[in-house]
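Single chain ahead, by itself, as structure tokens, in the form predicted alone.
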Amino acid sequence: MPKHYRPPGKKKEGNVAKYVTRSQAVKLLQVNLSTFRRLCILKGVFPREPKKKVKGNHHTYYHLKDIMFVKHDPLLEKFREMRTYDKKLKKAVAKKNKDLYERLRTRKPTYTLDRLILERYPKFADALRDLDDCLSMVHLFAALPALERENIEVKRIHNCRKLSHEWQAYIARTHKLRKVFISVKGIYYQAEVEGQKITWLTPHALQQVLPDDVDYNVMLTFLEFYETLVAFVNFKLYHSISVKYPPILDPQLEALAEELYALSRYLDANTRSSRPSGSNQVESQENEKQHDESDLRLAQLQHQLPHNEPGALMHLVEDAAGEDEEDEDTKECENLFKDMKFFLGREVPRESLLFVIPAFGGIVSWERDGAPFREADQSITHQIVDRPTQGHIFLSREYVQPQWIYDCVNARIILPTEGYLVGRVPPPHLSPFVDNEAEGYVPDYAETIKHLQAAASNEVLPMPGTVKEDLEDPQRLLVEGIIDRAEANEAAEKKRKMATLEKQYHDELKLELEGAQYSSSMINQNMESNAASGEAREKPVPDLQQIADDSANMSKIVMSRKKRRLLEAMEIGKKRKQANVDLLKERKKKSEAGQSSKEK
């Protein structure tokens, strides 16, 4: 009997029973390939990589449990009904039966994805954790033009724009924005909502060109799910600050395409009206306290409170009555642009600045109808422009480039405006998502910002050039890879000179205590004799690089093969990182040389 012989009727085992190919899954579900892809996207089913590919390497495999999960979903039957409906509609059109066609148009089957959202994200933190790609996709389609041949409808674009503005209005109102970075791809934002860091990308406000090598049907399926998810998240977040959702906007501002400003006004009005004042506030606090006490009694009946702990009820009442205090980051962000008024020029990225400036406590206006205040307002402190010449200049305000706003946001301090004045080349725009210390290269402007932050917080930084490694053994530092061979030789020479000077100082003190009369010639003679004796007693400087190589080789010998390969991979990564640092230093030298040649 062959080794892998399986009698007929016996149950399958191993990877054959666990995984199925895509063609087998399509045959099992009895749908076409496009419907199968759509179901997998909406249900969150993705291909797997089995250890042993039974059907070969050229197949796509899915877990059998995932396919059975899709098979028993009500959405599958709804898609079958929609496919049948499309066939009936085409048949009525082909037969030119107008009455049947009109009846069928009013009976089109519909479906919602609300159940899938609750199924895939049982907790709100799970939805926030999976919101990065969702927000990027929604902001992308909010900037795309409508295109009929790709089934990108105008209604879809308007819905994405509405959802993105609602999200930005909440982040700006609660001051949850943390980082901003402008790149070639677009503008990166990072916010922190309920302990979850959410990063998304917004395209630049330019004319978007749709490439032909993109499958827009797959993207529209993802967008269909993401729209529902963002609507659920916005609903939860708006209700957390006691604001009704969906918001009701001012029709005049909405007609002027100022949805973000209309949303900010709506949030300000509703949050203020939701705060009770005077006697109403006292009555509402008493009602809330009675409601909390009834909840606590119910919890005690359900054995949810410790009976033996004294004062447990009182502690819970105090916790329920107390308001949630804002964290330090939120307070710092809220007061960054406090008591500052900004006016935006026509050439700057208006939507981005309308989102960023209020998120950090500033007041902003622009040059269009529906703006809060005009350009001639004397209380404006900064005007954001990006043109070398201005028609009219007000002496009571500063004219800066838009990069100043983003750099101040990332540094969390108000930076000097001298480098960002109109007509000047601004400093480099540093990414807040890069850890310069871990990368091994700290730009000069990052050091400048660090010193400005220390001065703002009244901290004292160490003197430049005085580090802890200067006082340690250069041989050990070379072995550990902290310094290279040239730095180790220089440190050893410096240590030898310090020892010689120290010995000379002690000899002079000894002569002075003995009362001996010595002249400058005696001092020089003693110095020469000390130097000669020091050179005679001095040991030759060992080859530190050879010592480091020997110790590394000895440690590699006793390693297993797996650990040795891991160490080699780590060394390759360090060399690659060092090569990038060297490239940046070389570019810096070339740029400095070019600037010096231009000045000459």
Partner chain sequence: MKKHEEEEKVYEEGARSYPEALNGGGSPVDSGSDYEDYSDDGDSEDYGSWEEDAESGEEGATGSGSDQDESEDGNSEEFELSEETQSGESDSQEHKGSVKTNNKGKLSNDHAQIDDGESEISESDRRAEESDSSEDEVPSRNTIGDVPLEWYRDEGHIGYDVKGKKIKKKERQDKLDAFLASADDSKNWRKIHDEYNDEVVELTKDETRLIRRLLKGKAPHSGFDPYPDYVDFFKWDDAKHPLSNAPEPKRRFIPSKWEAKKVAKYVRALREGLIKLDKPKEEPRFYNLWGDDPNSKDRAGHLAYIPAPKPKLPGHEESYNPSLEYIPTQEEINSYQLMYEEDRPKFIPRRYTSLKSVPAYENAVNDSFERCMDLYMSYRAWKKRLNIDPESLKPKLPSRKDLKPYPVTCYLEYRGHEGAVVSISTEASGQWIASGSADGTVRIWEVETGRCRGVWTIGEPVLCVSWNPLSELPILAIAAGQDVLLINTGMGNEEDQEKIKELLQVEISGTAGDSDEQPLVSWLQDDRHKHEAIILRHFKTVTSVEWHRKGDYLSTVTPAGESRAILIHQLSKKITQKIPFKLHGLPVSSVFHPSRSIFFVSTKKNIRVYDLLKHKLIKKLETGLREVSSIAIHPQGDNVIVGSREGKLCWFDMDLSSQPYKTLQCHSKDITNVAFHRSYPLFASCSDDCTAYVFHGMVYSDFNQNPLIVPLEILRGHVNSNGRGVLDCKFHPRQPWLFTAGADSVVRLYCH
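Everything numeric in this text was worked out from a predicted model, so none of it was measured. Numbering follows the first chain given and starts at 1.
What comes next is about the form predicted in complex with its partner chain, which is not displayed.
Note on the interface: of 332 to 340, 114 to 122, 170 to 178, 362 to 370, the segment with non-hydrogen atoms within 4.5 angstroms of its partner chain in the predicted bound form is 114 to 122. Looking at Asp130, you'd find a heavy atom of it within 4.5 angstroms of its partner chain in the predicted bound form.
Interface membership of Ser379, defined by any non-hydrogen atom within 4.5 Å of its partner chain in the predicted bound form, is ruled out. Using a 4.5 angstroms limit between non-hydrogen atoms, Tyr261 is distant from its partner chain in the predicted bound form.
In the predicted bound form, its partner chain sits beyond 4.5 Å of every heavy atom of Gly391. Checking Met137, Leu249, Leu75, Ile413 for any heavy atom within 4.5 Å of its partner chain in the predicted bound form turns up a single hit: Met137. With the partner omitted here, the residue from Leu395, Ala438, Val184, Ala94 that has a non-hydrogen atom within 4.5 angstroms of its partner chain in the predicted bound form is Val184. If you check its partner chain in the predicted bound form, you find a heavy atom from every one of Pro47, Leu144 and His429 within 4.5 Å.
Interface residues of 564 to 586, taken as those with a heavy atom within 4.5 Å of its partner chain in the predicted bound form (partner not displayed): Arg564, Leu566, Leu567, Met570, Lys574, Leu583, Leu584, in sequence order.
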